[in-house]
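First, one chain by itself: the form predicted alone, in structure tokens.
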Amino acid sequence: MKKNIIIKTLDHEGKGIGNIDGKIIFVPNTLPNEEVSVEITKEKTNYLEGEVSEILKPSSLRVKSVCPYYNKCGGCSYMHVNLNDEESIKTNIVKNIFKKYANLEINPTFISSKEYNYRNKIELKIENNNWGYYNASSHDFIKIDNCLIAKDSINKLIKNKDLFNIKNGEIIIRSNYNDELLIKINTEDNYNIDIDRLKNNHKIIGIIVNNKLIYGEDYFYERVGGYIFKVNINSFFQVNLDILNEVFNIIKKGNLGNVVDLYCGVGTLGIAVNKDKLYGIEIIPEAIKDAIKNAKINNQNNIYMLGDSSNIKEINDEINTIIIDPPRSGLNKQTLDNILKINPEIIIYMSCNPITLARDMFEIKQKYDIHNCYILNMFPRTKHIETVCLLNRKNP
């Protein structure tokens, strides 16, 4: 069933919001004030979801997408506007979220990077010897030969997919600062990877199949802002090195004293700050091992602890600064309570989800003021938003 509607505004994921028969409908790839013909794809009790059948009256902001898969893939949300307008949209989204969930008025600084070919890690599905993505709202397979937001070294490998001889499965490709590649594959099929030819065409550091190392190493080294990091194939590391370098510039200003780096991963943020002593806490064993190694590589004597973030209460030392970079779910109540009880002078909160960040800020603002807030376009052309808030403890 098709309906003509006018898009009123955008939600936090960049989907257009309209109204059909008194129900809200969310429509991707639309812009405010556009009149569109919509096909309803999902009906819920309180809302609808739809897809654009036709743009009847386009917004003045609308541009033609340069990606041939844009209307099929769904991985990117802002290919239909230019980068400057994407930045304005994301800024307004974050400001509105902070107002709604934290009752705070903010004036964030927006920091962006190159528009395309920035992403150093992608995950692809393999179906019938083709590589591609699943549509964001379904399991429809979209075959691709090139991904505009992925690094050139990754796209070059995609063009050599026939050398892997894998019919079905999934593949993760990671590329470091030197365009060296780590590859992880899961498949139930027989495979016959032509490693020699791959080595001739690409800088292959390691290949892991079904969690078994079949060539090279299961890690490589990443270089950002003068620091070197060992990164395991399973460890989290930021996908946009240009923006990560900007994060380093933001968080390492001033003397932060003794620092706790919560959700420290491989030690990335903690290693980059100016501190007297650093404690890192991380729940993933492989990441902690890499963090210990990375501290040594960068001539630092940091102390790392394997465990949940709430273990911050076990640190028997003065804590001046706490760095927080949690998963999308934000801080659990016990961790948040422990942080507020410790009451450090400075909190650096980095988040990939502005809603849970604002939710936590509603509690944190009772004791802290926002000194600076930055929106980092870590993922240009997509719905994802990275935010960093620098917080100072209020005077008693």
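Residue indices: 1-based, along the sequence shown. Just so it is clear, the structure is predicted and the values come from calculations on it, not from any experiment.
What comes next is about the form predicted together with a small molecule, which is not displayed.
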Original post:
Want to guess which of 147-155, 186-194, 265-273, 170-178 is within 4.5 Å of the small molecule in the predicted bound form, heavy atoms only?
Top reply: 265-273
Original post:
Is D290 close enough to the small molecule in the predicted bound form to count, meaning some heavy atom within 4.5 Å?
Top reply: no
Original post:
Might P327 be said to contact the small molecule in the predicted bound form, defining contact as any heavy atom within 4.5 Å?
Top reply: yes
Original post:
Quick one: is F236 in contact with the small molecule in the predicted bound form, heavy atoms, 4.5 Å cut-off?
Top reply: yes
Subject >> Contact test in the predicted bound form: G226 vs the small molecule, heavy atoms, 4.5 Å >> reply: no
Original post:
Exactly one of I283, I297, L163, I142 has a non-hydrogen atom within 4.5 Å of the small molecule in the predicted bound form; which residue is it?
Top reply: I283
Subject >> Listed residue that, although the small molecule is not shown, lies within 4.5 Å of it in the predicted bound form (heavy atoms), from D308, E127, D242, E87 >> reply: D308
